[in-house]
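The same protein chain appears twice below, in two forms, each given on its own as structure tokens and labelled structure 1 and structure 2.
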Structure 1
Amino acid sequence: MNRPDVYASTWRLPVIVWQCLFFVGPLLFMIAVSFFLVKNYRMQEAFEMANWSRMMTRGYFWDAYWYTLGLAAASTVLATCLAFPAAYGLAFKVSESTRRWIIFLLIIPFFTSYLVRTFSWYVLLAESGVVNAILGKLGFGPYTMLNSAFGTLVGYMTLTLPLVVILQTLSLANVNRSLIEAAHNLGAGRMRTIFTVIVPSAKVGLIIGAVFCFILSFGDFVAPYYLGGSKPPTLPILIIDTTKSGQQWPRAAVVAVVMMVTLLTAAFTAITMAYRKRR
């Protein structure tokens, strides 16, 4: 192609221009900001390690880091385990149209305000809330469920569970049925079939579901703030506090860059595992 192809470029360029300006641009600039300085409440362009050395040597930063990582990992394991039986049922035990309907139902939450749903959990789980009232009738409780890791995990599940179920269902539904029948014919029991045939065949989809769950939980500030009581704060809460109250954008940028590196490492490791050939 010697002449510039106007027609092809018309369709190809918009996304390149837009994403470079407003996606790659901001992310690269944020890395630069992490080296800037703040003097008299104004940000100055500079190249100093001050923010990095300050954040990296603070105990509260590392507390927040390990706490966030632990919560996100717990959320990933929990969501993967909770979603699997549902996805298994949807993929193998219901008709095609039922499956489509339930998936449609599971899409609905994505379009309802996550904030309002979190606030609903806040009043449902409160000391004098609905859940404790019901448990009280049955002779249990009351339990303190808010301002704890439990509350945060309920929030994370609200955010991630529907997505994980959908992704798992889609990957399980694509497992070759004749493999499963072959396993049954060769005398494998139900559990053995699940763990030696179905799970390995659907591995890529299951891992992608887990990766999305990890990314969403790791980056969410609503659940740890409103349901977890933000004690200790998680990294996203740290970003908000430093940005909103202290005007310390460079320090917030340090936290954000550390989060990005962590997520990239986690996602890369998981994807490599997903595509590794089975021996």
Structure 2
Amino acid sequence: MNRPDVYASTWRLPVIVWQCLFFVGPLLFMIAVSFFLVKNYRMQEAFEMANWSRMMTRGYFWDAYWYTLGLAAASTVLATCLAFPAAYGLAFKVSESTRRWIIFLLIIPFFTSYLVRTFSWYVLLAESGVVNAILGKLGFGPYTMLNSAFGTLVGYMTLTLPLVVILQTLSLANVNRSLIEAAHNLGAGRMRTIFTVIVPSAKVGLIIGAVFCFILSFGDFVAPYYLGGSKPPTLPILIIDTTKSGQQWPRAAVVAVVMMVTLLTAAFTAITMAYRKRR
């Protein structure tokens, strides 16, 4: 009979406690709140499906859900595609010292509030802003970039692109160089080596970077509100609007639970794909 590893269990305990206190506990409370009722602007304990049936049968909820899902998916694809050439160059084309400094420079934007960085784009993308001024000198525009899906995606890139570049760079830098040399010796060109050797070898890091991008984009409130104009609303904006409408926290909890289920499903599916062994 195997005895439990007390040493390993002791080191796992802080992580388990942290997850229970700050993730499992609040999630269970949010699920419970979704069954409460609001009467006279006060929540009352109950176990009724009224909030769920109301939100699940409303067209505006599903419009917001698919719009949010589409924007998050587009942000993930865009960030992954934009980050890969930069990460490839950092991993294979520069020295290790240069790579460390560039990664440090990519971390610096996180020293500044995301809200401040978003407002800087608000100034740049305005119809009388810097971007339209430059395009005007070239004979183009002016274009409406704010209060649109384009503005929201710009905000998402501000939030996620540096992180995706860092994660991809760390993954690509750990690819076994002997596999690349072997591919070249066998006659594989550069592009074929990238897609048949480098990408499969760095699959875990690439997928994890995409997962982080999707999670951050799906739950972001700032970019769709300030750059996207909140019309049509995304799910985070719908939560705010719902709580302002008669203190309907239980209905907002329904939206939050649906978001959590979607994110957990996407994360577990992606992680399963990342660690699935090739036959």
Partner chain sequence: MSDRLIKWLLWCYLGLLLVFVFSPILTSVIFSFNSDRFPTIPLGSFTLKWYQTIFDDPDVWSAARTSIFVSLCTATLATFIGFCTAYTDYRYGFRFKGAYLALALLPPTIPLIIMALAMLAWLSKLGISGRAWSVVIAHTVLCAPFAMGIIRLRLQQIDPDLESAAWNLGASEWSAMKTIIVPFARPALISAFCLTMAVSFDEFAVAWFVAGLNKTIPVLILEVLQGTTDPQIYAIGTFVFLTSITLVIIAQVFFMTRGRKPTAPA
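Keep in mind the model is a prediction, meaning the values are calculated, not measured. Structure 1 provides the reference sequence; residues are numbered from 1 along it. Whichever C-alpha set is largest while still superposing within 1.5 Å between the two forms counts as the rigid core.
Taken from the structure described as the form predicted together with its partner chain is structure 1, whereas structure 2 is drawn from elsewhere. Once both forms are overlaid on the rigid core, the distance between the two CA positions of residue 24 between the two structures is 2 angstroms or more. In a rigid-core overlay of the protein, residue 13 has its C-alpha displaced by at least 2 Å between the two structures.
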